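The chain below stands alone, shown as structure tokens; this is the form predicted on its own.
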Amino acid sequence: MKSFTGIIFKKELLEIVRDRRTILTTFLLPLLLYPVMFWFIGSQTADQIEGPSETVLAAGEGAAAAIETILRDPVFADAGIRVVTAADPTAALRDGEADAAVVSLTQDGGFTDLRLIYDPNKTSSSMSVSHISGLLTAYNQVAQSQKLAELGISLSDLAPVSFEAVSLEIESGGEESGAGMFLSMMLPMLMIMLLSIGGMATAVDLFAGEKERRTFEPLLCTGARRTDILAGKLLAVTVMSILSAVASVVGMVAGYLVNPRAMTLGLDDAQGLALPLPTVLFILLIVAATAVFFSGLHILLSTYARTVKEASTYGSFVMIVSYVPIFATMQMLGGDFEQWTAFVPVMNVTGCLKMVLAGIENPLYMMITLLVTVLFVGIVLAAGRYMFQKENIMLRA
């Protein structure tokens, strides 16, 4: 008998594309929201790394003059610190008129002792006091070096250990590679999360939704085999899951172009990656198999559910369970994954993505991950085929 898989697949995709809400939430929102989100994150990161453009420091009348004298040092040039005189510096800080306050300042010869107050509930205040503290530390180091130089002593002579930290790649005569620590921590997590939720809405609508609309029974009565119906719908859900992840990745790339610091939080710079073709193919196969796995799970739960609401509740369980291995490995880097993690679903995919982003080649780990993922895909498909043969499940209402 002729297979209707392709017909059902095209039909479901056409209906999905016609739904403007699906197009908006799946494709347009990630493309618009990520650049906006990254712009805000990057702006905050710039303040944290470079310091705020201006810091208002409230001080009493006597303390203000002493602080102005210190700020004339070249260390504080272009620091953006503005001192304002206040009868009650603490009240000025509390009322938002200042970012930090000096509540006491004493001078004894060439020694100055001051007490800085900040508001821990305000980001601007916390960043400002950190900015001022860093500048004062640099000011102290310069002053110490000058006084030691007058005595004929170098500051480096007082350090008992001189050291330099060098990466293994550079020590071996190569160049550092990889996507950077922050990227290798965050991007795999985001990718798995997107794959786990990308096809959920489609799966819920194609199965539980059809039950509610009373269109599922007529579909089962057509000449199409139930395996054809399952395969066609599974392909549609998988395609939407992958496209949703792709749209989000494109949105993240656009956000990176808007403000690169949002992707690294100023911690490090992403290095170039030169991946061999077999590694790229392995990763693509693993990602595709993972998308099929999550799509199959959502289809199973949506098939069993009576209503869209019930199917959405079941789908949220899949998302929550998938987050456990994701967050468990969030702080791990590519070289931290041991061989046994290749046998743990989701965790092994995260490990592969982190290894690739770190520039680590581990063909055995990737092969085991692919085989384990395909095994679980087979289990999910077998369960789906079994459920499609049971009338008490298919017509459950």
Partner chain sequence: MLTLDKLTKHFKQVKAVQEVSFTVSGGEIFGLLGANGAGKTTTLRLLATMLTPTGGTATIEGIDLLKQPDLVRSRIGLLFGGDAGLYDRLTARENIVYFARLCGRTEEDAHRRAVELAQAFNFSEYLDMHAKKLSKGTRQKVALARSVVHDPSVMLFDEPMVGLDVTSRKDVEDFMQDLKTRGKTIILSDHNLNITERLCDRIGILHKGVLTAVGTLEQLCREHQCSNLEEVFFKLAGRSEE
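Positions refer to the first chain, counted from 1. Worth saying up front: this structure is predicted, and the values here are computed from it rather than measured.
Missing here is the form predicted together with its partner chain; even so, the following discussion is about that form.
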With the partner removed from view, which of 225 to 233, 323 to 331, 109 to 117, 68 to 76 is the stretch that lies within 4.5 Å of its partner chain in the predicted bound form, judged by heavy atom distances?
225 to 233
Sole residue of S156, N140, T215, Q146 within 4.5 Å of its partner chain in the predicted bound form, by heavy atom
T215
Can you pick the one in L220, L190, V246, A91 that has a heavy atom within 4.5 Å of its partner chain in the predicted bound form?
L220
Classify L24 as contacting or not contacting its partner chain in the predicted bound form by the rule of any non-hydrogen atom within 4.5 angstroms, answering yes or no.
no
Can you tell me whether A382 touches its partner chain? I mean in the predicted bound form, with a 4.5 angstroms heavy atom cut-off.
no
Taking its partner chain as it sits in the predicted bound form, which residues of 191 to 207 have a non-hydrogen atom within 4.5 Å of it? Please list them.
D205
